[in-house]
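Take a look at this one chain, the form predicted on its own, written out in structure tokens.
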């Protein structure tokens, strides 16, 4: 009756996982992609961003001097970083394509559009499918200010021909602070413009406050309660006019103001697939839209926009359609990290969420200088603090949230996430013998 059992729109992490897992059971599957395979994560997100963060971390001259290392200031080649980054991304693109081929998934390179509940058009051809899975991802949002097109976005930063000498980053979320940290580490003068009085408002507020202090000590300029009205170009530089009437001159302006579901041009309105005002596709607990044959996963549904979450959703659909018993995703047990310098990581509830929900809890915290910086002077120590926080239930000591700012926080949080998912108690942490000397052992002494 149909050309394909499943047709997947979008070859990012979630779409590829669903396609190849379903195809592995013998189903006939096709996937459409109008850009590079691997989606935002591989091409314009997690992977290149982490490579850039590594590049910034190699600038360690000041930190190394206390350990006896003295040398001339090292030089940095932006072109070398971009070239090698591109090679790695192309390698990953090929891996995604090969995975699909190995599982006999038919690839259609182009922009797919829904015609009805069971038909898709792409490259002037029409295909039918019993089920359609939309995994179209998200795209950068440009705020509605005058001459907004003059600014770059986090997508553009990975392909700049030259590294700017200065940059104004508009935003205060994880994309904004990550690129503020990365570019500062590469030698760029960074000004961060945040419209509220708090960085990283979705994280525990103590992390945002301590990160802001570390940024200040490092020389990253953060302007709180600040919004831009317009951008003007003057040769190779730009002037930002702020809402209070002041101006700011910079070599580049970058928007890091969030991402929106990539659902325009899919034909959703014509078919009648329901979306919210932001364009996110509405789905039920099984990721089914209001159309029985159409499903959606990943950033385009705007639930928890993280690569591992999209992969988990793709796994869920694969199990749902192939006779398995899919396990619902526990949104309260999703660990996440922000790759600043120092980085931060969290899992579970924030203190603000517990207060809002009137949950009785207790708090254990510690703040210290990591041993790595014990030989450095106070200036260096202030730039790289370490802070840990445990929130646990007042009655049964069940851990409700774990939050950390400090080196290796993401690596530690991944391990802690296993115990958190299993329902560990605060006493379990204290009864664990630590590894000495490590930063991680502090979790067992809080």
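Remember, it's a predicted structure, so these values are computed and weren't measured experimentally. Residue numbers count along the first chain shown, from 1.
Another form, the form predicted in complex with a small molecule, is not on view; read the next lines as being about it.
Put simply, of 143, 187, 110, 272 only one has a heavy atom within 4.5 Å of the small molecule in the predicted complex, and it is 143. Between the small molecule and the residues 157, 170, 129, 231, the one pair within 4.5 Å by heavy atoms in the predicted complex involves 170. Proximity of 174, 178 and 259 to the small molecule in the predicted complex is complete: all three residues have a non-hydrogen atom within 4.5 angstroms. None of 352 to 360, 115 to 123, 305 to 313, 320 to 328 except one has non-hydrogen atoms within 4.5 angstroms of the small molecule in the predicted complex; the exception is 305 to 313. Although the partner is absent from this view, residue 89 stays clear of the small molecule in the predicted complex, with no non-hydrogen atom inside 4.5 angstroms. Using a 4.5 angstroms threshold between heavy atoms, residue 104 stays clear of the small molecule in the predicted complex. Taking the partner from the other structure, the small molecule in the predicted complex has a heavy atom within 4.5 Å of a heavy atom of residue 337. For the chain shown alone, residue 49 is a contact residue for the small molecule in the predicted complex, at least one non-hydrogen atom being within 4.5 angstroms.
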